Each structure stands twice: as structure tokens, then as C-alpha cells.
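Presented below, as C-alpha cells, is a lone chain in the form predicted on its own.
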Amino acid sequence: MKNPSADLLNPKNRREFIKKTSLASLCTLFGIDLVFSKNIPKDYIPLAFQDADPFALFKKNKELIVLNNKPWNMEAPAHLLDDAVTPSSKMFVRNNGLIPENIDVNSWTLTIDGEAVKSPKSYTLQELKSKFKQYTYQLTLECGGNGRSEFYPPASGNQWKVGAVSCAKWTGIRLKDVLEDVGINSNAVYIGYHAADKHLSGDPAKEPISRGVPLAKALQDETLLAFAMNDEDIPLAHGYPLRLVAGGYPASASGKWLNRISVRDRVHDGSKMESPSYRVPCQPVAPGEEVAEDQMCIIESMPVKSLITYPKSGAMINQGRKLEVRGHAWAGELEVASLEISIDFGATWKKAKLDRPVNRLAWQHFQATIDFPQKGYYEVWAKATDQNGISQPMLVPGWNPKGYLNNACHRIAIKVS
């Protein structure tokens, strides 16, 4: 079965669609007049219509923020992430290359190879679905650079605010079951993924991204080769027809459009595994300090963090009214032990009601009711503490050259009148 949303991602198909649609209809769609339309050369596509609409292409809520279009990168404002299970329409998009075109699931295969397998082996999608037991988990995926925009001096890269995180329901098979079927050697230490997306340069010899995880992470029950998200085929922008999902690690470890996994006898050395990509200084550094590449360590488990999803920042309420605040908290490989709320810039904290995760590596929901003592401006801050007793910092944590792992307390503005 072919994913229909792939058609308009193909520039050739998009051009054909526009050619077959009258310019008058397109102008009606955009709500403007096309002045001097009679002078347009045959087959010319006006610039305004040449770029794809990501909201239509990816079926995204139009409140999502587009950070980049080559490759596509989009995030959700915090208030859009209020759902317990993140729907596709509100899920962030993080790409490094060009989304694959003309996907044919009937010919799609996954190959397991590498120095540490007994013998390379390939599977069709149907073989993966029929041969191995299927599992469903809700798993938190967060971009390693989520919150990058708050670092100073500024760090290079997409200037994510707080919405590059999601917790969808994923269905697939356990990677460890496939590795057991293939047979891995005792020298296996890491896995690396390979995928069908294309490098921005168009060079077929280059991979836009090929990251991986230590073998221990690959063998966890929740590390999936997923083919469904929220009980439907994975949307194209999120890895259709097959992806790796390794919750709790930076989302870059969960490769999309998966067609090969290499079992390595060393730390994987694919694209974006090299320093400084997805690495932070092994020791704290001063803001703006240069860090030698060999002094940068690979990010594994993400830090404890929380997000206020209701109300929207800037809400106004009447004096005397109680305010319900809610959101989510997560802690990488760990569980969140407590969630506290402050309305006095951290001078005092009140415990919120915190739910247990539906399964390991899922985010946890919190809720609190707040009284405000008088009229005026307030900020509501949320602080999560993990099971090891580590809490979120109140402000942006240690600076790093790539702006990773900002887990400062999330805060929203409230006006009481």
C-alpha cells in the first residue's frame, strides 16, 4: 500500500497538481488576486505556489511553528501538547535530510548486518509483522536540542523553544527479538541505523543521519521496530513504513524510514555520531568556551523535565478564581518521583498530583489547583524531580556548544485582574 501523502512531497507530482489546478482556484485558496495573470508564461508556477505547505502535507495543526523547510523541522507550542497521547497533528517534526519518495511497502526490507552478527539477514515488512510478537508502548521522544533558544551565548542549530517533545503510542516488534533471530556475537556493543531519507546535497553516497544506541539500550523491552503510531500506519513525516523507537534517549536515536541496522563491535560511527553532534562537554565549561572534540560525550538518557500544557501562557483570570494547571513530566530512562509548582519565582513550592506512567518511558501527567493572593502579574513554574532525587534547575543549566539538554523549569505567565 502506498502512503498517499507521499505524492505531494514529490516535487514533480506537486508541479503536476498545480498545473492541473487553475491559477484562479489557487488564488481563491490563498485569498489574493493574481495581478497580470494573463501574462504568465505557459507552465510557469508562481513562486508563492512553488513551496509545499507543510501543514497540508503533514496534516499538522496550523499552530505548529516551522523552524526550517530544508529539511522540514516543526514544533508545537506548549498548550497544544495537552493530550495524554500525542496525536500526529500536534507532533514535532525533526528531519536531517529529504523525506523518501515513492515508498512501496511491498518491496520494503530491513537488513540486519554488521561486524557483530553471525550472518546478515533481511526481512520483508510482512515477515516482521507475522514472525514476531507485537507490542504497544507509549514512549516519550524529545529532540536533544529542545529548549536551545534559551541558551546564551546562542548555540547553533534550530532554535527550538519547548515543543520538540511527544509521547505517542507505538506498535511494533521488539528489536531484541529480531537480533536474537539473526544471532549476534559476544563482541557486539552498539547498533547503528540506516534509512531511506536522502542527503540534502542529493549525493547518494552520503547519509543525512545514521545514529544508534548501546547494545543494552537496543535490548530493552521497549525498544521497538515500529510500524504503527496511535493505532494507524506511521505518518510519512514520522518514519513510514518502519522506524526505530528508543524512548528516553534523544529522539535522534530513533531512526525513521528504517531499512538497515548494523550491529557493531564498536561505538557506531555513522553520520551525526561524530563530535560535536548530539554530544555535550564531559565536564562543565564556561559559556562560550571552545571544547575539544575528544572532550565531548555522547548523550544517552535525557534529563528530568516537565511542561505546563494548560493554561496557555498569557492567560487572564479574575481575582478569587482558582486556576487548574496541568501538564506532563518525564525523566529519560527514569521515572519522575514528584512535581512541584511555584507562583513566587521559586521561593516556595507546592506539590502537584502526579500520575504514574502508563508504561516505562512514557511521560507522566500532573495537575494542581492554584490560589493567587492578589491582583497582578504571576508566573507559574513547574519543577520535576526524578527517582534519583535530581530536580530540574530553575534556570537554563550548564551551557554547551550545541545547545542540548536544556531542562530548565517551564513557566507560564498569568494575569489576575
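Residue indices: 1-based, along the sequence shown. Every value quoted in this text rests on a predicted model; they were computed, and no experiment measured them.
There is also a form predicted together with a small molecule; it is not shown, and the following applies to it.
Asker: For the three residues Gln134, Glu222 and Phe227, which mark the spot I'm curious about, does each lie within 4.5 Å of the small molecule in the model of the complex through at least one heavy atom?
Answerer: Per the other structure, none of Gln134, Glu222 and Phe227 touch the small molecule.
Asker: Have a look at Trp257, Tyr123, Phe151, Tyr190 for me and say which one sits with a heavy atom within 4.5 Å of the small molecule in the model of the complex.
Answerer: Comparing distances to the small molecule in the model of the complex, the residue within 4.5 Å is Trp257.
Asker: Just to be sure I understand the contacts: of Lys217, Arg279, His268, His238, which is the one whose heavy atoms reach within 4.5 angstroms of the small molecule in the model of the complex?
Answerer: Among Lys217, Arg279, His268, His238, a heavy atom within 4.5 Å of the small molecule in the model of the complex occurs only for His238.
Asker: Does Ser342 make contact with the small molecule in the model of the complex, using a 4.5 Å heavy atom cut-off?
Answerer: Taking the distances in the model of the complex, the answer for Ser342 is no, it never comes within 4.5 Å of the small molecule.
Asker: So in the model of the complex, does Trp330 come within 4.5 Å of the small molecule, heavy atom to heavy atom?
Answerer: Contact check for Trp330: no, nothing within 4.5 Å of the small molecule in the model of the complex.
Asker: Is Asn96 one of the residues lying within 4.5 Å of the small molecule in the model of the complex, judged by heavy atom distances?
Answerer: It does: once the small molecule is placed as it appears in the model of the complex, Asn96 has a heavy atom within 4.5 Å of it.
Asker: Does the 4.5 Å heavy atom contact test between Met296 and the small molecule in the model of the complex come out positive?
Answerer: Flag for Met296 set to no.
Asker: Just to confirm the contact call: exactly one of 172 to 180, 87 to 95, 279 to 287, 260 to 268 touches the small molecule in the model of the complex at a 4.5 Å heavy atom cutoff, so which is it?
Answerer: It is the stretch 87 to 95.
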